[in-house]
Ligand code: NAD
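Only one chain is shown below, in structure tokens, and it's the form predicted alone.
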Amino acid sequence: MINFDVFGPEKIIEVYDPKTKMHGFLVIDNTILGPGKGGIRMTPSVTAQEVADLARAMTYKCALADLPFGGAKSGIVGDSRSLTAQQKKDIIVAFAKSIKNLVPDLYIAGPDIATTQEEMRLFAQTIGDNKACTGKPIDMGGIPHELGSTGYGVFLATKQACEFLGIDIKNAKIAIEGYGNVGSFAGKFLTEIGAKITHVSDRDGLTHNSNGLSHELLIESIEMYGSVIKHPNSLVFHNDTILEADVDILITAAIPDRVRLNDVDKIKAKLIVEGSNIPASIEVEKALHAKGIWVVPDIVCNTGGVISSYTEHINGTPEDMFKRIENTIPKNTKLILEESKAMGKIPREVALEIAKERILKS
């Protein structure tokens, strides 16, 4: 059940197009700081509740990143793998037309699960306004998320959290749940500084090598076989075992609600960095913290995407975007972890208090 409070949500819209069978949701959670910002995801299981939860997370993310955006999110029910290219285009066009009167004054879209810069091109063209979305192709003045903005922020948050906890990142063992746009770029930047990624999972399974997995070979496996499990010289297990990996750091970078209460006792990692959106409830994070496992919450560490979106929105460059991420995410990660330790609260509680205060003061 979607909850309403002092922050929102302001609008919940459900749309359907009989011709294309497009069924979608838009939740504009809060526009106090600016128009609601949030991507369009396409999955078979997306619901209004999921979209509302993600929209609220965007409200807090934008406040924490000091951006003049509110929070919003879109979801389209569908499996992109079973759609033809034309069917997917028709669905995106139908969704854009159905919410056109709200864009970009109250809602600015962006890419998310199963949507890319090309869907953003189509969305902006359908709306008839380049400001309708971010994450557009470069030829439209965009800064595509394919440049790795979110993964770069997750990498920086991981590095900062390791400094806080006294973990030598180059000698640490790291597991990454999901190796899509977020996980793969986090993996790329981590391996470039000499960190060792020993476990990587996707929907088809988990690949493991205690001596470290090659980022280049993981990408090659994905490009050739559609999965990380074809990485050479590795062992393959069920993807659920990623949470039980004997590692120092676990990075979540795929689905919501990935870590549940019955998983807490299985987790061996000392640090969890939430590259994915809402991978654990606050109850789960409290249980992890009680066990001595530190969690860098999603609303702190995976804000690289929305920072990129803002940079594009004000006609900045990719260089501006990476610099803004470098100036924001490590600082926020350090602040949240230090305040958490000093106040005896979990990091998410501290982050939420800061975000809510900024919104209510506006």
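Here the rigid core means the biggest group of C-alpha atoms that line up within 1.5 Å when the two forms are laid on top of each other. Quantities reported herein were computed from a predicted structural model and do not represent experimental measurements. Residues carry their position along the shown sequence, with the first being 1.
Omitted here: the form predicted in complex with the ligand. The next part is about that form.
A residue is said to contact a partner when one of its heavy atoms sits within 4.5 Å of a partner heavy atom; G275 meets this definition for the ligand in the model of the complex.
At a distance threshold of 4.5 angstroms between non-hydrogen atoms, G180 is in contact with the ligand in the model of the complex. Mapping the unseen interface onto this chain, K88 falls outside it, with no heavy atom inside 4.5 Å of the ligand in the model of the complex. In the model of the complex, the ligand lies farther than 4.5 Å from every heavy atom of T134.
For the options S201, T115, T158, S74, the one in contact with the ligand in the model of the complex, meaning a heavy atom within 4.5 Å, is S201. Residue in contact with the ligand in the model of the complex (any heavy atom within 4.5 Å), chosen from I143, A175, A253, I92: A253.
Only one listed stretch (190 to 198, 243 to 251, 276 to 284, 76 to 84) carries heavy atoms within 4.5 Å of the ligand in the model of the complex, and that stretch is 276 to 284. Counting a residue when any of its non-hydrogen atoms is within 4.5 Å of the ligand in the model of the complex, there are no hits in 77 to 91. Superposed on the core, the two forms barely differ at R324: its CA moves less than 2 Å between this form and the one not shown.
V306: CA moves less than 2 Å between this form and the one not shown after rigid-core fitting. After superposition on the rigid core, displacement of the C-alpha of L54 between this form and the one not shown amounts to 2 Å or more.
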